[in-house]
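Okay, so here's just one chain, in structure tokens, the form predicted alone.
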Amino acid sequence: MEDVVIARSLFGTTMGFHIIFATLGVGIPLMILIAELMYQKTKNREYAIMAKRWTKAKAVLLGVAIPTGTIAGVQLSLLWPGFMEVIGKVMALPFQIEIYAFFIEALFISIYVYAADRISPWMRILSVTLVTIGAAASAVLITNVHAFEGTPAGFRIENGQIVDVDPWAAFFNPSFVVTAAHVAVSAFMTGAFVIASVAAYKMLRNKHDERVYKFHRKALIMGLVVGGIFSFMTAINGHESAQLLHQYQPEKLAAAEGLFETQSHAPLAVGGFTDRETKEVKWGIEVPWALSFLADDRFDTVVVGLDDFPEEYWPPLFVHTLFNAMVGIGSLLIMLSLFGFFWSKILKKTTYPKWLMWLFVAAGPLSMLAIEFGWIFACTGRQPWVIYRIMLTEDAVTGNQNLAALFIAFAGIYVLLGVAVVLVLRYYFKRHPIEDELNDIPPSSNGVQA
């Protein structure tokens, strides 16, 4: 078990670090595309400046996403040989197709970065569109392996041998569509809120420079609108995800809600923590019948409790806290984007209260935290299985005894990479302040080219 814990900690740390860059690598291209479309429609050069600056940030983040993603792939083979034996024979398609998705993303981001000023408007839009599609496809394809772990399909294990392999059935496993949609919309949400956070912070720092303030206000409103739309879509998709858990991984849903007794009209526990001894959620608020409705759109739906499963197959009960944190942050972000839109578009306010601005600043980190909570919940809630009801995690782990040293080494590498990213981004944007680019636009034109 010690080997399992260290291996999971090492791989979890790698994925927890990589997912920051992978998520922004999917979300920011959509914001670049929207800014580019706005520029082509309005000819307001401020949108072109947004697209250009966000593209530089995307390029830096991609430079870290690639090596950390490579490390994650290597660690899968080294840490989980039993798991990768199954994946190699059954679920290799996503890895193979992802190569082409990454190729499209890398090719067209290069074109956009180095030749945006020398290509036609339609080619600029096409380039950013393909970057967005390639980045999203890469995330969806790789995450499909995780979907397969929870709802395996396309093979059987008979007498220790893998038989009846159907790669396409494995690829289109029962949770593929819902998981793919969740990955995409949550990444788009996070990218938008990170842009909004940076814009809000810059507004606080430049409130006496009207031109810079207005520039960042445009970016803030764009981020809030896009983030609000996709946070709402993430919530709808989360409802579908809960119904999949009810159907395919009932103990995971029970652990997420701290439900021990199988029952109809099951309550939804909001907040609190799950107590294994008393078998209840302490300090939580119960919403009557809501869990049954969440599970199958009916209040009389019978939701299976943890007591119906052997205790050794229970997921860690702290997943209830992770699930609540993820949902709570998502709900806050929806309300924040709605309030921001109402304040600026309905009330026609051009400035925001300081407390609201700091909430906008917090929105980006909170959205990324929700991504991390969701990923940990998804993986930890499947335990003790690496492939649900087929292979235990402890049966898939390597027998190598030097994992602790590797864990320390990789943790150090990630700290250095994280610091390097921050320093590079700060250096670039300090060397290329927004004031210089705005000064190239005649003030009387309000950003619109003649």
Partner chain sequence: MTDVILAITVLWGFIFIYAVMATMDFGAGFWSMLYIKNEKTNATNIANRYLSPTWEVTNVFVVAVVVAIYSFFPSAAYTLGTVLLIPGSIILLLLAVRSGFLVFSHIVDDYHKPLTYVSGISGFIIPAFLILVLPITHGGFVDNIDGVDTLMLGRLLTSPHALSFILFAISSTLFLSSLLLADFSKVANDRHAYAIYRRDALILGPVSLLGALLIMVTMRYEATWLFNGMMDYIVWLFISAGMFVVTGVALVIPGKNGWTGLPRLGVVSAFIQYALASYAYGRAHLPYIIYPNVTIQNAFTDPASFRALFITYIVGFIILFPGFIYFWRLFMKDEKYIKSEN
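In this text, all values refer to a predicted model and were calculated from it rather than measured experimentally. Positions refer to the first chain, counted from 1.
Below, we turn to the form predicted together with the partner chain, even though it does not appear here.
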item: Tyr388 within 4.5 Å of the partner chain in the predicted bound form, heavy atoms; value: no
item: is_contact(Phe102, the partner chain) in the predicted bound form, heavy atom dist at most 4.5 Å; value: yes
item: Any non-hydrogen atom of Val212 within 4.5 angstroms of the partner chain in the predicted bound form; value: no
item: In the predicted bound form, Leu369 touching the partner chain (heavy atom, 4.5 Å); value: no
item: One stretch from 241 to 249, 77 to 85, 172 to 180, 308 to 316 that, in the predicted bound form, holds residues within 4.5 Å of the partner chain by heavy atom; value: 77 to 85
item: Sole residue of Val361, Ile71, Val302, Ala290 within 4.5 Å of the partner chain in the predicted bound form, by heavy atom; value: Ile71
item: The partner chain: the contacting residue among Leu141, Met222, Val90, Ala378 in the predicted bound form [heavy atom, 4.5 Å]; value: Val90
item: Non-hydrogen atom within 4.5 Å of the partner chain in the predicted bound form for each of Ile119, Ala409 and Leu416; value: yes
item: Heavy atom within 4.5 Å of the partner chain in the predicted bound form - qualifying residues of 369 to 405; value: Thr398, Gly399, Asn400, Leu403
